[in-house]
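So this first bit is one chain, no partners, the form predicted on its own, shown in structure tokens.
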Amino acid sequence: MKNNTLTIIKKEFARFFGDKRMVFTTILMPGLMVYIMYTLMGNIMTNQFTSADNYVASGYVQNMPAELEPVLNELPVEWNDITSDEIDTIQTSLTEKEADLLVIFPENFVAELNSYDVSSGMAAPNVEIYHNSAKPESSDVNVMLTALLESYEASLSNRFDINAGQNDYDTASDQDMTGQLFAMLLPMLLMTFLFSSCISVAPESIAGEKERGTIATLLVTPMKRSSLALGKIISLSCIAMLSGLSSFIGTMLSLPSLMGSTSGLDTSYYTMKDYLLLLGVILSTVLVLVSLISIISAFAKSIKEASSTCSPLTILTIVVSLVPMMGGDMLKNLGMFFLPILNSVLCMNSIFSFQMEVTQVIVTIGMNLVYAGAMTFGLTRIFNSEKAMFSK
């Protein structure tokens, strides 16, 4: 049985790795495309929503108070004094993204501010700031000016401060932020990549051989059907694993560009133990997915039929991958780690968020092996069925 299983594995490896085009499109291209696509997306979003470092905004101001002029001149803005007759023209320039900011102060602004009584019920002096949020430079300088004026307002009647000391009041560490981000994104991406990898190789190996008629040759050879099923699943799992890891590596390399340079991502927080446990979860998950898709492919009459039948599982996998984002205490419920697919998602989430317990990983890998073994046995029974294997 062992020799027959190894023979099937070698046959599948020779078929796959002997085709350089298939190796490139299945293993190398997914990771390369993911890296290029996510990096481009990150660069485009960065350029789209952030202004250049040395950019000087064009600002127009009416009735600028002399008391605020030194402070406003500290902003990266070239201020131009205007009259009331020019306001409409400047607003049109803002709409057309030719100007960045228009600020209109009331006449005698500082005097009105000093004499204003909150208890009077009268409207407070109002500063009008016009900007164009569709232009990053305009939006950025608007935020800076608004913060400056709010700080100035607070300084006039400062009754108490909030977090005025030198302490770091946010108790979340960079490690917590990295774990939160990775736990939110990577389980879904990983499951999607793994499922896509499995569906790209399994139907070709089983439904493809049925379609070409070569499966009959294997079935008449003096080998146990269990050896055939086990050889198929092990070899396909290895190939799917390589493809999934390619996409995962591409994602990890492109994440800093995708999330922006200020996101604080740092993978050094994850230890070799975390990576090894994650590898174990991924391997056992691939076995489950390949076994499931292999069973579906064994009933299909063609690659097209197998792929179309497996397509709804893609949506199901994505939906299950989103479950941890819904909140709750699922990671504390060990019973959830007995459910296929969901256990892998939760286990990945716990590893990435630094909440992993070894018991969860052991249960997940153990149950995945049980499910894969059960489906391998089911595939053996299908191979023994002439009706399933030779139906037209």
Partner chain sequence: MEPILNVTGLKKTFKLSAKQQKIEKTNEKVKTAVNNLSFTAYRGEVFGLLGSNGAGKTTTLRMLATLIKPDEGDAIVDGASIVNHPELVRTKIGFLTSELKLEEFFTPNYLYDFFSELHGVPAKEAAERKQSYFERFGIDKFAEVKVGNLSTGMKQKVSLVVSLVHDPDIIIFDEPTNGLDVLTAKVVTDFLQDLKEKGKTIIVSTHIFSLIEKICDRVGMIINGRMVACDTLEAICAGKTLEERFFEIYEEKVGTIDEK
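Quantities reported herein were computed from a predicted structural model and do not represent experimental measurements. Residue numbers count along the first chain shown, from 1.
Not on display, but discussed next: the form predicted in complex with the partner chain.
Note on the interface: of 137-145, 99-107, 296-304, 205-213, the segment with non-hydrogen atoms within 4.5 angstroms of the partner chain in the predicted bound form is 205-213. Of the residues given (Ser84, Asn80, Thr221, Ser308), Thr221 alone sits with a heavy atom within 4.5 Å of the partner chain in the predicted bound form.
In the predicted bound form, the partner chain lies within 4.5 Å of some heavy atom of Thr217. Not displayed here, the partner chain is approached by Ala14 to within 4.5 Å at the level of heavy atoms in the predicted bound form. Residues of 16-31 that come within 4.5 Å of the partner chain in the predicted bound form, judged by any heavy atom, are Gly18, Asp19 in sequence order.
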